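Heads up, the chain below is alone and in the form predicted on its own; it's given as structure tokens.
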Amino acid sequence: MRLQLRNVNRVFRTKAGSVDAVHDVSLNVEPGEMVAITGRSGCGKTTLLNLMGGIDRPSSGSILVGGWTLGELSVRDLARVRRNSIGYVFQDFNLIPTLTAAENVAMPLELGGMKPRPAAEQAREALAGVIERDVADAFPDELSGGQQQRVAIARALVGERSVLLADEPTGALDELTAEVIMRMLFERAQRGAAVVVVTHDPGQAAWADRVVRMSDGVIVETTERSATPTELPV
């Protein structure tokens, strides 16, 4: 499923005046492609990712996921598209504290109509790819920051969402686990998902087919990956 941004702007109104957090951004992410967004803190990376995920709405311009223009959808329809088509790894995890790790991962599947038993099975399978099996029944406050990050990643990867968005997905992880996660995102792109990763780490950005650098809300540079997949970190 293609992700398209057409002349997207996001303006925040403050007492001091208007802030152009994202200015006239146009970007296509094709199915099977992984794009990394880089830039200094405050340059608009996370704001742009929130717009892509339908968490925020643009002040002007349009964002399309497949055949849907996100800004034109009702709240209910937008929630359905996000639940079924968009996986999102939040920088602050956004786990529900009253649900176990497995229940957090299974939740989007159940909200999408899957019965509890197969949803639980898929959730535990997704968790097994990123974390120790014995934490599946633990609650978020019983987990370390790195463990919570991996649960959040499993929740985004579970099912077959066609768009995956990740905001600094390896920030709380050790180097080896970070590479495992980046390979998982890379492989999901290889299977046809459109993947966008916000990162400050050049090593993580090297996994992407394209690296987009932002400054002051504007895309200032786009570079293609120079290494082949076999030359990337293992």
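All residue numbers refer to positions in the sequence shown, first residue = 1. In this text the structure is predicted, and so the values were computed from the model without any measurement.
What comes next is about the form predicted together with a small molecule, which does not appear here.
key: Candidate from 60, 41, 26, 69 lying within 4.5 Å of the small molecule in the predicted complex - any heavy atom   = That would be 41.
query = Okay, which stretch from 185 to 193, 172 to 180, 45 to 53, 203 to 211 lines the small molecule in the predicted complex, with non-hydrogen atoms inside 4.5 Å?
reply = Careful reading of the contacts points to 45 to 53.
inquiry  = How about residue 222 - does it come within 4.5 Å of the small molecule in the predicted complex, if we only consider non-hydrogen atoms?
reply    = No, residue 222 stays farther than 4.5 Å from the small molecule in the predicted complex.
inquiry  = Taking the small molecule as it sits in the predicted complex, is residue 19 in contact with it (heavy atom to heavy atom, 4.5 Å or less)?
reply    = Residue 19: yes, in contact with the small molecule in the predicted complex.
ask   = Given that the partner is absent here, does residue 84 sit within 4.5 Å of the small molecule in the predicted complex, heavy atoms only?
value = Residue 84 lies outside the contact set for the small molecule.
key: 4.5 angstroms heavy atom contact with the small molecule in the predicted complex for residue 94   = No, residue 94 sits far enough from the small molecule in the predicted complex that none of its heavy atoms falls within 4.5 Å.
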